[in-house]
Structure formats: structure tokens, C-alpha cells
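Only one chain comes next, encoded as C-alpha cells, the form predicted alone.
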Amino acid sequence: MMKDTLHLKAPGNWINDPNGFIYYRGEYHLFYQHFPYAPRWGTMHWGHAVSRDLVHWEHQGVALFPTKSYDQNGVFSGSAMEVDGKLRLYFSAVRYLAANPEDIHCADGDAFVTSQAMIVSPDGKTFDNFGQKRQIIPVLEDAAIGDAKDTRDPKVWKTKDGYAMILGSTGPDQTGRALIFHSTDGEHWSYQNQYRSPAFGKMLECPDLFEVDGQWVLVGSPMGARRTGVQYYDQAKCAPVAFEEETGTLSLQGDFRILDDGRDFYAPQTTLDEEGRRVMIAWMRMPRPVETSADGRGAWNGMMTLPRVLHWKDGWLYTSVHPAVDALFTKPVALQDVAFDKPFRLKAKLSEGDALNVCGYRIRVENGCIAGDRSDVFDGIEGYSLTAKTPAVEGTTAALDIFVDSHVIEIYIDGGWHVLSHVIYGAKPVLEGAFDSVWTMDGEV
């Protein structure tokens, strides 16, 4: 069975949004949007991987796939919850009004409808797609509540008197909405409330609502959030919110701000780890597939980020690497001894004008901002941003914690105050600049 370390990829072909992220029966389960037939988007299935530590992943194959009239064209994103020892998966079910005659995996004219469904697994490993699925929220018919087509991505959690669900949606005015539903048993749901905001773009995808360090936080991916003439228009963001579980009343209490300054990061989902820490994993979007892979998986497209621990501090959501990632990098090495075909970690302190070259990816401080430039490691790909930068750091020096893996670089700045992650292609075996330390993984990858 195929395994991944650090960055989870599909065993082949396409991967996107993380789904059903949960610690259950002594293992972390991460499901993901998966098209198993080609390294491109298509009819969505749920792939499935498990881990004991959030960094060593073992693929379990396809967990969910279309079987019903209401999900015949895709098992879209959703979440997981443990109830009475069993694992419940909640997902959006898609039915095309007409398929593209030249490509049945796409809707003709982008016309489809979406409902919400669930399936119960007795053990988190077996899934009866034919006998255990049920539709729990039918296609919305009242546009005042939400859109029949674009209402999706249920995130479910336990409340004092039952269960709550947040869904992303839109309306006739093309303003994004967050819908709140309530249930006493997690199976029968009723609409409770909603919040609309231009900050949600034209549609809010993958909403996640949780409390961390005494603050309610909304994480979501508004569509059309960025208008720069280059991909990606849709961006993952977060904001502090006021939320009342009893009434489902939600309101933004601050700006909806970018979660990762590299902008390849999308559709994050959080869960509580074994120690009760709030942990987030997101999809790193890739503009084209990797055609060859040393591990024999064949062409693949997309990957997951490192697991990130969340803390609310000084009005901002800090995201630092999970302790399980720290525990892997225990072997210091000399700069000239780095094995570029394996993951490694770099630490450095940069001041105004300082620069680093990490495998052809250039990092420097410009006007107090940490700037990343992948111009030399994006292999002629056009239409995507080659550079990105953080807001200006506080003080005169920034501490960088840099993780390098196949086709991705993640830079954690000042303990997770900001993160800048970029997909790269054509990495070079070069390290230039002043590094405080270099670390490799001690043991087998």
C-alpha cells in the first residue's frame, strides 16, 4: 500500500480539498477530493489516508464514490464526526442537469444541483456506498436561504444541545453566504440562520467555524476574492467572528484576511489532534501535473500542506508546524551534505536586503516584507503569480523556518505569524545564503 511522508499526495492522478479530517480510534483520518482516472479535475470521489502521527500517511484507497441519483456526478467536500463510536461522513452530493457530451465528468453549461448527504462507517475503514448513504438536506428551493447549485461543503460539530453545520453558499445577488443548520441527532437537519458579506466573494467555499484560545474563528475560501489578472482568483481566508450556537447567529468581527501569503493554499480544514490542539491541513494547488515520480505513483496533481497548529494571538491566527513535524527533523547536517531528493528543513534570520536561494527559489526582505520568487523554478508556466510577499514584519529581523519537499516550499515566519507556501517545478540542487541550521529527517522517509 502506497505511503507518503510529510506532504500527502494522491496515489496517482488528481487530489484537491481535504475532507473528513478527524482523529478517530487512535489514528488520524484524512479524506480528500479525488479523481482516480486522470491528473485533472473530474467526477469527485473521496480518497482516504490514515496516519498515527500526522506526517506518515498510508493510503486506504477510495472511500466514497457516486452511487445514488443525488450524488451521481460527484461526492463533493465535507467533514467527519464520531458518534457512538462510529464515523459519520457528511458531504455535498452533486447531480448534473446535463453532462457535457464531450466530457461526461463536467456539467454542460456548469448546470447542476447540490444536496447534502451522509454515510456512517462502523470502523472508519469500511464504507457501504450502496446501502448506508442518505440524503439529509435536499436541494435548496428557497433562494432566500441559499442557492440550489452552489450550496456545499458541510462542516459539522457537536454543540451543547445537539449538532451544528455550516455550509457555504451564495444568493441571487452573487454575494457569498455562510448558512447555519441545527440538528438534535446529527441526521435530521433544519435551517437556523445565515450571514452574508461581500468579504465572502461571490460564493463561500469550505467554511470551517471553530473556537481557539477563547476566540471564534471562521476559515473559508471565498470565490472571486482576488482580481489581479492571474490565477488564483479564489483564496483561503480567516477572520475573528462572534457566534452564538443557540441561535446560529454569526458575524465578522474583523477583516477576512489571507491565510497563506503564497496563494497556492486553498480549502483548509481543521480538527482537534490527540492532545486537543486545533490543527489545519489545506490543499496546495498545482497548475499542471507531475508526469514522473520516483515512487512509481505515475502522473499526479496536487498535495496537502504540512499539518499546522492554530493559535489566536494579538488579533491574528498564528499557524505553526505541528510538533510531529518538529520531531522528524532531528538530524543536523552541513549545508554541502544536504540530500536534495529528500525533505529537509532550514532556519535563518533575515534583515532588510538579505537574501536566500533555496533550490532556485529566492527569498529576500523587501521593505520589511518577506518576499518569495519562484521565477526560476516554475518551468515556463504562465498565468500564475511568480512572486508573493507577507505584510511587513515587526522589528528589524525575521526568523524563518523553511521546509523543502518535492515540488513545495513552506516558509514559517516568526513562529507562524505568517506563512508563505509555494508550489515549484524544476528545483535545483543549490543553497545560497546565511543559514543558521540545516536539518534532515532522521530515519527512512
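Residues carry their position along the shown sequence, with the first being 1. None of these values were measured; they are calculated from a predicted model.
There is another form of the same protein, the form predicted together with a small molecule; it is not shown, and what comes next is about it.
Heavy atom within 4.5 Å of the small molecule in the model of the complex: which of W300, F210, Y266, W189?
Only one option qualifies, and that one is Y266.
Given that the small molecule is left out here, which of F65, Y37, Y384, W41 has a heavy atom within 4.5 Å of it in the model of the complex?
Spelling it out, the residue with a heavy atom inside the cut-off is W41.
Taking heavy atoms only, is R152 within 4.5 angstroms of the small molecule in the model of the complex?
Taking the distances in the model of the complex, the answer for R152 is yes, it comes within 4.5 Å of the small molecule.
Does at least one non-hydrogen atom of E205 fall within 4.5 angstroms of the small molecule in the model of the complex?
Looking in the model of the complex, residue contacts with the small molecule include E205, since a heavy atom lies within 4.5 Å.
At the 4.5 Å heavy atom threshold, is T319 in contact with the small molecule in the model of the complex?
Flag for T319 set to no.
Are any of the heavy atoms in N13 no more than 4.5 Å from a heavy atom of the small molecule in the model of the complex?
Contact with the small molecule, no.
Segment that reaches the small molecule in the model of the complex - one of 41-49, 375-383, 402-410, 54-62, heavy atoms within 4.5 Å:
In short, 41-49.
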